[in-house]
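The form predicted alone is given below as one chain in structure tokens.
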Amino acid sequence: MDRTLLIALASFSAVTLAGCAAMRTGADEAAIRAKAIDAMKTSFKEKGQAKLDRLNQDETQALCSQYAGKELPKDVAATIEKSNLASIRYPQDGKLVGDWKRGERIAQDGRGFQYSDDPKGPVGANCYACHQLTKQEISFGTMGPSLYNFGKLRGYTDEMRRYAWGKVYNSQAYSACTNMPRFGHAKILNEQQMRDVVALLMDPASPVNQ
């Protein structure tokens, strides 16, 4: 057989086999995800306020799970950020900043949605689990960046207050597939609590900015 034809057939076979392998890998991954979800729904039991609907993912969560452990394509990241940015809701009265003292208590409180928590009790944001907020803290999480001097470094402007509100409300709008909870979007914090957390970040008198 002609050598050129042999090379062409070999190249075609390699491409075809690679394509089939890729399709098979994608199908395998989808099957594994489906089995994992079924296993969770079978093994998880509802208890108190912890319901099985917590296992249901919205579009953003499903996309982030799909690319877990992989590089997130730029177009997918842009799609996630655009849709989440559109979901941000600002207070109708325009007031974005509340009481930083209440905000500090919220930031230090990790209670709220565990099955053992009182659904009628206060809900915290547990910010210190991931961020440094004040220089007095000797123990804090490092999963997120330091927020010490957040407002002092960036300026106490209306634009920064809106950014801080948006970031706390729905962090996916600014960083696709971030680990930060979407406090407003997911209704973890109410509107007044949001104001108070923004005050912790943006009030010049807050210990964050000292």
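No experiment lies behind these values; they were computed from the predicted model shown. Just count from 1 along the sequence shown to find any residue number.
The discussion below concerns the form predicted in complex with heme C (HEC), not included here.
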Going by a heavy atom distance of 4.5 Å, is Val97 a contact of heme C (HEC) in the predicted bound form? no
Although the partner isn't part of this model, could you tell me whether Ile88 comes within 4.5 Å of heme C (HEC) in the predicted bound form, counting any heavy atom of the residue? no
Hey, in the predicted bound form, is Leu63 touching heme C (HEC), heavy atoms inside 4.5 Å? no
In the predicted bound form, does Thr134 come within 4.5 Å of heme C (HEC), counting heavy atoms only? no
Only hit among Lys51, Lys41, Arg154, Arg33 for heavy atom within 4.5 Å of heme C (HEC) in the predicted bound form is Arg154
For the heavy atom contacts within 4.5 Å of heme C (HEC) in the predicted bound form, list the residues of 138-159 involved, in sequence order. Met143, Gly144, Pro145, Leu147, Phe150, Arg154
